[in-house]
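Here's a solo chain for you in structure tokens, the form predicted alone.
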């Protein structure tokens, strides 16, 4: 395994309230890493620190042996091109067609000509199991689940090294949740893309994760592969596992 990313003692506070209290872990290339925890534990804050939407108060974020936590906005363009964040909400531009939504990042961050850009858009759409016929539509014309897939296609078309998912199944029914879950797994394996998934859904994590990190009150209380998590004696982890058992019973 080759390490692609490392968080070193990351701390972050807002108005005197410490949200991240010294978070440290490594991510290996090609792995699917789930970051679990209840609301307000700093899961999404961690992702936003990675892509420079927030900056840590202290600590380092090492990407390809460079500390990117102190990068300038200009330097962060390369990080954001290679570490694409899929937001909790689809965050599509309502006034643009679906084609224009997918192409948005390509136009801003690459020098592709129109033929190359068109191929990237259509290949990305196919990768998330959507049909080309919808490309001329506006976001309001498709379902919420399809909007979620399109937001993944928008990130995927940049050929990122790391895909970041912030609560990707929020607001979806169980069938759509499972479909998005399997899509993340398939994309990760097909494109050898590293995926970091922020979630509160232990069932999804147990289903597809290579590594699981559990946060509570800004600290890591457990981490490991699925087998280790299933045997954990940490109360919060046991609560998450019990919810899975109850849902399956």
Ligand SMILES: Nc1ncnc2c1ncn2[C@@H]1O[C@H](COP(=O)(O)OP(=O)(O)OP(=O)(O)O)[C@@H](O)[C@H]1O
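Numbering follows the first chain given and starts at 1. No experiment lies behind these values; they were computed from the predicted model shown.
Note that the form predicted in complex with the named molecule isn't included here; everything after this is about it.
> Is residue 88 one of the residues lying within 4.5 Å of the named molecule in the predicted bound form, judged by heavy atom distances?
Because a heavy atom of residue 88 falls inside 4.5 Å of the named molecule in the predicted bound form, the answer is yes.
> Could you tell me if residue 19 has a non-hydrogen atom within 4.5 Å of the named molecule in the predicted bound form?
Yes.
> Contact between residue 39 and the named molecule in the predicted bound form at 4.5 Å, heavy atoms?
Taking the distances in the predicted bound form, the answer for residue 39 is yes, it comes within 4.5 Å of the named molecule.
> Taking the named molecule as it sits in the predicted bound form, is residue 118 near enough to touch it, meaning that at least one heavy atom pair lies within 4.5 angstroms?
Although the named molecule is absent here, residue 118 would stay clear of it in the predicted bound form, with no heavy atoms inside 4.5 Å.
> Specify the contacting stretch among 58-66, 201-209, 43-51, 176-184, defined as having any heavy atom within 4.5 Å of the named molecule in the predicted bound form.
That would be stretch 43-51.
> Mind listing which residues of 150-177 have a heavy atom within 4.5 Å of the named molecule in the predicted bound form?
Just 167.
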